[in-house]
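Take a look at this one chain, the form predicted on its own, written out in structure tokens.
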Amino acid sequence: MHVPVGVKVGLFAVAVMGSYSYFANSIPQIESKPPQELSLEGGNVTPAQLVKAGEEIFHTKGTCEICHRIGQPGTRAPDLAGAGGRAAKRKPGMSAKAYLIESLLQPQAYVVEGYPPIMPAVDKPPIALNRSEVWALTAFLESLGGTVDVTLNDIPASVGAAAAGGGAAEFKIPGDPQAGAQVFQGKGTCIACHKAGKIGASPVGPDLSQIAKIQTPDYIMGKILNPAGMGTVAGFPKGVMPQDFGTRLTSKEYVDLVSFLLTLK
């Protein structure tokens, strides 16, 4: 029996699609889960265990690696290699652990020369580490060339209170993220310098793919309207970002753009 060519092609296409579907479904799926909250209060923990927990936080919930590296210069923020040893020399009369704790909870108190004041407090949204996590992260930073001697009592009891109570409510503004993505690619011309997830690829400006994960809404909104006043991310040229978004964009376009950037986590 003669089978028309069109039917043969159709059957072949179905077979190929079926084989791809089978292959795709045979691959183990990875479930994305939010970071588990660490609690060490009231428990016995050795310095080694504390450092290990802090290292895990550094790489995961703390989102530190988005800006910092250890032994690798040229990132958005200072290289943390030897940070535990340098910490005691940053501010006269302040111990290494006191400086490191201050750097995590009040990062604007001392800003390393050559870097803008862009780091958020780690116990506040969007990072929102609890007291135990700040303790462990401090111990890990101390271990980078210093002595681990931080105790839970060194961390203020008020740290992470919002996280302990279930976390702060997600910040929302009445904008349209999809419309904001269009502003990002069009009228805002952001795509000329920035990458945002699957949008854009230019390395002229910082990659914004995780900006809402590491920066506060206040910073994001301020950076659009007053980019020079918010500082320039280390490793990128100054004065490139336009200063006229406040007049170039309508209020709706501005709110939509911010809404889009707040989805980049």
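Numbering starts at 1 and runs along the sequence shown. Keep in mind that this is a model prediction, so the values were computed, not measured.
Here the subject shifts to the form predicted together with a small molecule, a form of this protein not shown in this document.
The single contact residue among A139, I155, A181, C190, judged by any heavy atom lying within 4.5 Å of the small molecule in the model of the complex, is C190. Among heavy atoms of K195, none comes within 4.5 Å of the small molecule in the model of the complex.
Contact between A161 and the small molecule in the model of the complex is not found at the 4.5 Å heavy atom cutoff.
In the model of the complex, the small molecule stays beyond 4.5 Å of every heavy atom belonging to V148. In the model of the complex, the small molecule sits within 4.5 Å of a heavy atom of L261.
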